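The chain that follows stands alone, in the form predicted on its own, written as structure tokens.
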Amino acid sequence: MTHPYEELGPEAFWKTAVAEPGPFGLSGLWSPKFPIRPRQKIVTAGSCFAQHIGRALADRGYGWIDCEPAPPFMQTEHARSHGYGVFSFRTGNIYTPAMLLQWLELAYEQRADSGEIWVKDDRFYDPLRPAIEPGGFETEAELWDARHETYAALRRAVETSDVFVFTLGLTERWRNSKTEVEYALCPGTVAGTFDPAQHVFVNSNTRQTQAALTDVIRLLRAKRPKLRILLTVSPVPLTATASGKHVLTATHYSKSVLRAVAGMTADRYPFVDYFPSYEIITHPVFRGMFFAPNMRSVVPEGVATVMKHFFADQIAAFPDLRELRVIPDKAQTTPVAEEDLRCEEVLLDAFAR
């Protein structure tokens, strides 16, 4: 051997790994660290794209768990509009590690509740998930009862699961400078009143994002020492940006930070892995074919391709999984339809002039 490149396989060279196979011949994009088996209990949380992963796993017969199911009298679509069955608990979208950390700390009483409630038209809104109850709660007591039910569901999810899948979505966030509350949406958009004296915009950098995600992992593993964590990054662009930048460049900043942090975190911990759903949807080799005409929404074919790689790479790394696929093809044909996704950030579209 004269140099290391002589011993590399075809996957290491662009010509043989990408150019020659083309977008539909790509393989081996992921080398999973650990198997994800149907019998394991799997939790999903995060941005809108996490819903696709949860649905695909459930359709394949994998053990996706719903720790906060809807009341039996609620029909499926009505339940989803109220945040049930979307993620493993009724938190709504959790776009940032800082927001996930807040939910965990509140659930485990490591942070005091601020007591803040938003009021609009005599209805009450939860500032941590203002879109979770369309039209708001009827009473404050109802709001707090629902919040504590979700705390309990979150604890159950953490303490009983084997794999925690978290999809990072944004770096932009709004927080209260006095109470340090992290908001799901900017106050005043869905409900509440914006106060420039205390409502502060933060666009997290790599260091801040890494610190919050590290704290999340430490807390999760403290409560469930054998828990394995799978990180993904949402390929969906920002609906709007408060950064002062163009939304296109703001999107690239946000996704670059999240992708870097996810990769560094996976490299740091043997029980944390990263799955490249972001790259599969957004990379130029796919020529934007997985985006709808608005260049933001991911079409079902894109979701199917993502999950095809997910399962194929799992089986390549752990061949015994080939015999464990319960419903082999359903996950590739029934991704969550775009109109069925619950994405609170999309509500910001209403303010576009």
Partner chain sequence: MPSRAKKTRTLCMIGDSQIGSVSLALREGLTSVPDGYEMEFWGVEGPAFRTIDWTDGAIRPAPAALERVLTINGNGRDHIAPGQFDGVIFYGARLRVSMFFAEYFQWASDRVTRPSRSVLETAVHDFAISTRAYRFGRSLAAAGDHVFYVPAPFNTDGVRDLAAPGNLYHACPAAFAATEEDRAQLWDAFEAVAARDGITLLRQPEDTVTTGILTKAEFCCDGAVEQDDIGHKSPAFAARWLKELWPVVETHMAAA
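Quick caveat, the model's predicted, so the values are computed rather than measured. Numbering follows the first chain given and starts at 1.
Not pictured, yet referred to below: the form predicted together with its partner chain.
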**Item:** Triplet Gln75, His78 and Asp145 all within 4.5 Å of its partner chain in the model of the complex via a heavy atom
**Value:** yes
**Request:** May I ask you to state whether Trp174 is within 4.5 Å of its partner chain in the model of the complex, using heavy atom distances?
**Result:** no
**Request:** Give a yes or no for Ala70: in the model of the complex, does one of its heavy atoms lie within 4.5 Å of a heavy atom belonging to its partner chain?
**Result:** yes
**Message:** Test of understanding: in the model of the complex, would Phe137 fall inside 4.5 Å of its partner chain by heavy atoms?
**Reply:** yes
**Interface membership of Tyr84, its partner chain in the model of the complex, 4.5 Å heavy atom rule** = yes
**Fill in**
Exactly one of Asp273, Glu279, Glu133, Asp162 comes within 4.5 Å of its partner chain in the model of the complex through a heavy atom, and that residue is Glu133
**Item:** Contacting member of Leu248, Ala152, Ala211, Ala222, with respect to its partner chain in the model of the complex [4.5 Å, heavy atom]
**Value:** Ala152
**Item:** Segment that reaches its partner chain in the model of the complex - one of 302-310, 62-70, 44-52, 286-294, heavy atoms within 4.5 Å
**Value:** 62-70
